[in-house]
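Two forms of a single protein chain come next, each set out by itself as structure tokens; they are called structure 1 and structure 2.
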Structure 1
Amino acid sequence: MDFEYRYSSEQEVFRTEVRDWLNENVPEGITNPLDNAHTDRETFLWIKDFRKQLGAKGWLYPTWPTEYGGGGLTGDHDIIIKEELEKADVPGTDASALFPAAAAVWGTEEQKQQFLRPTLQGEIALWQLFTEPGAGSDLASLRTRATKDGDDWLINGEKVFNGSKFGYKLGDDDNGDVHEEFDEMFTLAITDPDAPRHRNMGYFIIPGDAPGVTTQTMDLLSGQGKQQIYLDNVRVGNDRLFGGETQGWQVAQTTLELEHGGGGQLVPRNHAVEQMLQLARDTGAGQHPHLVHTLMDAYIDNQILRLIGLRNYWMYEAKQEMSYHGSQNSLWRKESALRTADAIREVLGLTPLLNQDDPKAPFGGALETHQRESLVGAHPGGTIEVQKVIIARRIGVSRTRERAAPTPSTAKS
């Protein structure tokens, strides 16, 4: 066994190359905001442009094949790039695999060139439009309809909790104009209402600026820029349907496999735990006979999360068949985040509730953001309970037995 990456001198040269390039291309003052809600328009536009630069170098999706716009690099390069981006604290460099994985496994060659390539190149970012007001955990009960109209599809319905850091609605600018900067959205819609559950929907991608798309920003506990989206006779061509007309559920499973953590995580940083430990040293809470146990349990909790992410990354890269592993990552991430937030309040009292406007807030209010985000983060991509439902299916005890959905790691090419 070997739990760490060892870098050859060649790779260290590559690290220097990445670091130098970042030094040259990331202006002073561009760093991850405390709260995504604080990203201003200027930074957002910079991020959009920077993603293209990263994409062009193959550094946004380093290990993805060059024929589809990826970097064609090894896992070792991937780690070096991620480590350097993390060190430089550059915002907006996450490379979501949710759509790319589905496109790689289920898309036609033309679709890969048309949609996967620009995604891997950083030219477009996509929103996930799965959840509906009446379909959350029970996603398969969604009502959005796609009806055939000649060679096209007309999509009607309503989606909630959509959008991400990238392309979220930035609000009014100085002239009072609203900017909706998102590019594409992938969604699920019923194509055959008479067909049985799970065999009745399609997986589509919709241009963000398609006529008939309207959005309304949701007012949530943390600033994720989430939207409620109305689809009113939105017309898309058949080339925007991934998989068969009634295969959307299966395509979505590939997306969800990655969303749950099936690809693993390599360079996690949990600032909240580090900050808690630092304050515990400063305040002497680390010497307290009871709190020391709270502190260590929280630390261990996050170390286990790191190891689960590392395990999944290794399994993914080694093309091992996974079962419960992705959902276990999601489950542990969500539960440990809540436990960590609780531990931080137990150890530090009220101070972690002070935000960036309060001069007494530790770390500029970062812990206050963590208090909110750890709660907000418990639901996306399937709740804690739903992750357990999936794990139970994968370990073979549920009424429903299932295997992990195919991912680019395991799918037969």
Structure 2
Amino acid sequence: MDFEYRYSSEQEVFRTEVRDWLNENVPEGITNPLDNAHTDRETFLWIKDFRKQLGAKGWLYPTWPTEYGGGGLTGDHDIIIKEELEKADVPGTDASALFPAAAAVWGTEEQKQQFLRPTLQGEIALWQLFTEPGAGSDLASLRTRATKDGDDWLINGEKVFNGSKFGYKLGDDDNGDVHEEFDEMFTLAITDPDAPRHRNMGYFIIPGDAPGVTTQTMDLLSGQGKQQIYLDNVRVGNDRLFGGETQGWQVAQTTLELEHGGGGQLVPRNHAVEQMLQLARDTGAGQHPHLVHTLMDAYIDNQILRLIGLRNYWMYEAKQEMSYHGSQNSLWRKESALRTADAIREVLGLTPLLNQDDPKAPFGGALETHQRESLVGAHPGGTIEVQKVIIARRIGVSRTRERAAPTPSTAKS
């Protein structure tokens, strides 16, 4: 069965427009870094400026309404733009992708203009501050507090694993830490400690340079430059509270619905699988019948992930009601990455464990990066076990039942 989409002549004309524009605006040598420990400040600043250029054209969030800074385009345009960005290997175009949904569903008109519009235009970058040292998969057990002080809130707490892939390495005088500049942070904080779980927190936007915000770089297996963030009597106005004072959990679920995969994925190419297949062909490493089956299993595994992502994208854009679909995407993605990493080592041996500092590393160390990321990726946005629980609850085989959180696709349908 052929699952490939056939583009119309008009769509191909638009593709040519996008491709020509990228050729004119993406300098030679700008590519996705394996990790931000090997990104310089000049590249980091180019990425920030390029997001603004995409936002100005409406190509950063192509299908979002123009009145809030989106492109007002169709899903077909969106697919073409993302395909061409992928082919050009342009970094950083998916930054801040988790915040807009919550702002669109739960924000006031003033908040949408103040925070949503500049996000869709690429003018501000945001970090998600959910996980704490004692609250990860059980996010509702968080301890960060927001205390009312007149018309403001004072926020105190500690968050971990914050940041994105697109920071840059500081000089040796700064101990080689990875630094990332950001504008805003969205976070959960307990507003009513006496209220029941899930009805006791607020969802706040905090300026990155607010007094009382301090950061510390974390040395992790993957995701160099992630930050531990301390909030010490950080003062924010009530205009930075999204939803009601105790609706934070519900607002966050809109964010998490998309983080799990409820909005689908376009062109989720798995470069590691492509590289494994290429290296196996070039070296003859996959000629044994058992290894041929291993290679094909990995290829099929990732084609399934691609089709799940496309299905979810279609459902989201068509305003279909979502259920288990987002967590199914997340579950398959997490488990597939682990299976793929195992297959790479089985077929290619230990060579894929050579990192980018080793001249013998295949593809400049990309496979070694994938090996680490496959392990770390099993945890963010809800672990494998959490995704299984969500799926069980939504298909009716759990003791409790739940529905998918509202998103911009379904909130008004």
Partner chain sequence: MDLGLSEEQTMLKDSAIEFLNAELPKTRVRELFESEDGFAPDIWKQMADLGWTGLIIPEEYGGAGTDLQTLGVLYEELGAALAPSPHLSSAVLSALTIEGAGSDDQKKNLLPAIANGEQTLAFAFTEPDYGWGPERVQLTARGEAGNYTLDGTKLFVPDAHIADQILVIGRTQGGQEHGLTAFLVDKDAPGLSIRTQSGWLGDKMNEVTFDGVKASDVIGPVNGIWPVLDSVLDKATGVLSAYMVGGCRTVLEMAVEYSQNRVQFGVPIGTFQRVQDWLIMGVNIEQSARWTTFEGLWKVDAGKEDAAQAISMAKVVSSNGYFKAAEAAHHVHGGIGIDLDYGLTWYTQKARTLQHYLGDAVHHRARMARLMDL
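Throughout, residue numbering runs from 1 along the sequence of structure 1. Rigid core here is just the name for the largest C-alpha set that superposes within 1.5 Å across the two forms. Here the structure is a predicted model, which means the values were calculated and not measured.
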{"query": "Number of the structure representing the form predicted in complex with the partner chain", "finding": "1"}
{"query": "Core-superposed comparison between structures 1 and 2, S323 Cα displacement 2 Å or beyond", "finding": "no"}
{"query": "Rigid-core frame, C-alpha of E402, shift of 2 angstroms or more between structures 1 and 2", "finding": "no"}
{"query": "Core-aligned C-alpha movement of I124 between structures 1 and 2 reaching 2 Å", "finding": "no"}
{"query": "Per-residue C-alpha deviation between structures 1 and 2 [E10; rigid core superposition; Å]", "finding": "2.5"}
